[in-house]
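Take a look at this single chain, the form predicted alone, given in structure tokens.
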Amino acid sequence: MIRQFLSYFPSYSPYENPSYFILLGVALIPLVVQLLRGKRMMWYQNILTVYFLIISFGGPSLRSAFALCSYILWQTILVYIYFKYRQKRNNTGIFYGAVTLAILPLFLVKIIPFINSRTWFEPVVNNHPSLLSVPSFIGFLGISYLTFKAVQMVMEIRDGIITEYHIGRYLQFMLFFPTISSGPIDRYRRFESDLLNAPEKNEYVDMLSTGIHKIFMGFVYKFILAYLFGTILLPKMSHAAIADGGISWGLIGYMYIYTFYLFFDFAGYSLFAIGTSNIMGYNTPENFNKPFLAKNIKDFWDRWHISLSSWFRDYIYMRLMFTLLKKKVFKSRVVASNVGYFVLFLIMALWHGLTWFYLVYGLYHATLVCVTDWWLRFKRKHRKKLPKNKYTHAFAVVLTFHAVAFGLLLFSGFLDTLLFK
């Protein structure tokens, strides 16, 4: 019956084709009209959210819809129970338990395919082939981003930053459809402020203009530049690199083209999400800020996938640093900081997937950040002796870009294909 009901709805991946945008544009009109009058039409926004979740997670198998509903129920109950507990007590073990349970669905989605693909596990898979479909019953598009939000809630409740748990606002935060598939990762208190306070008319006119501009920029990024680099140029360069073998001009060309493809594709999605949020009267945070103009690798991470890097900084690196220094695990703050960077980037690598190239990518960036830290300390001590002008700045930008591009070549997994397959 549910399947028959959902069959009346179209099925789309968010921001993937013109029909989705036409549907989105028409659906947003009533919201825009009311926001121009200084009012937020919550009942309509709720209907809109349900509708776009159905067309994004519905489909004939219903697996994604089932997984999303189960996941949201799990996280909602978990956060509610922890919030109630935190009103009376603050046990560290319970806190870590709540964080672990919040991460558990994502962990299973990552670990089960890895185990199923191991040679030593083949007899079990052959006897129980249903194991191969387990991840599809748990996972769905955007589970990583929802997990970041859920863990953030638990941590900020523990810190006493979130002092009120409103289930309706929590669900709005988790299921905000413009950002559910690929971020940016918003913060609960910022989102709640937008949810409860509609922008003034003049402010909203600016937001509307900005939102429309961002969506058009997203079209340029995603459907022109990412298509050019990813669909037209990348396959040709891939064939050239494989034909040449080893280190070749084809491989170098692949590195540059993949770097630009990944940026324009992901930044395009982010522009769609932020632009749609703006049109709905929400100031969803930016995700990219001219990352290829970064002057060093730390500057790069302040500009690239900003909502993710700031999430890892605030909820992993800063907390780990606080613990290491408070418990005096390391006497040197520099050593503690370097250990923190390696932990942070290894977790980020594991989040992307359990492969050697993601691990190497994480170690590579951790090393670059530690070296950059050392260089910045050296510069501060010797600033009178070191040149500083537009040429050194340009050199730093070019050097950083190439370090980033090589890192993205590692990240792409192409070396795995080139060297081992």
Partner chain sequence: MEIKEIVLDILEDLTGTDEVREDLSLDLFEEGLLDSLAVVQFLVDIEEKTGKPMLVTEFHKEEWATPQTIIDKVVAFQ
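Numbering follows the first chain given and starts at 1. Note that the structure is a prediction, hence the values are computed from the model and not measured.
This protein has a second form, the form predicted together with the partner chain, left out of what is shown; the following refers to that one.
Partner contact region in the predicted complex: 325-333, out of 106-114, 325-333, 229-237, 75-83, criterion any non-hydrogen atom within 4.5 Å of the partner chain.
For the three residues 302, 314 and 384, a heavy atom within 4.5 Å of the partner chain turns up in the predicted complex in every case.
Scanning 196, 167, 224, 318 against the partner chain in the predicted complex with a 4.5 Å heavy atom cut-off leaves one residue, 318.
337 is the sole member of 283, 182, 309, 337 with a non-hydrogen atom within 4.5 Å of the partner chain in the predicted complex.
Using a 4.5 Å cutoff between non-hydrogen atoms, residue 380 counts as a contact of the partner chain in the predicted complex. By the criterion of a heavy atom within 4.5 Å, residue 128 is excluded from the residues contacting the partner chain in the predicted complex. Under a 4.5 angstroms non-hydrogen atom cutoff, the partner chain in the predicted complex lacks residue 192 among its neighbouring residues. When contacts are judged by a 4.5 Å heavy atom cut-off, residue 243 does not count as touching the partner chain in the predicted complex. Scanning 157-176 for heavy atoms within 4.5 Å of the partner chain in the predicted complex gives 159, 161 in sequence order.
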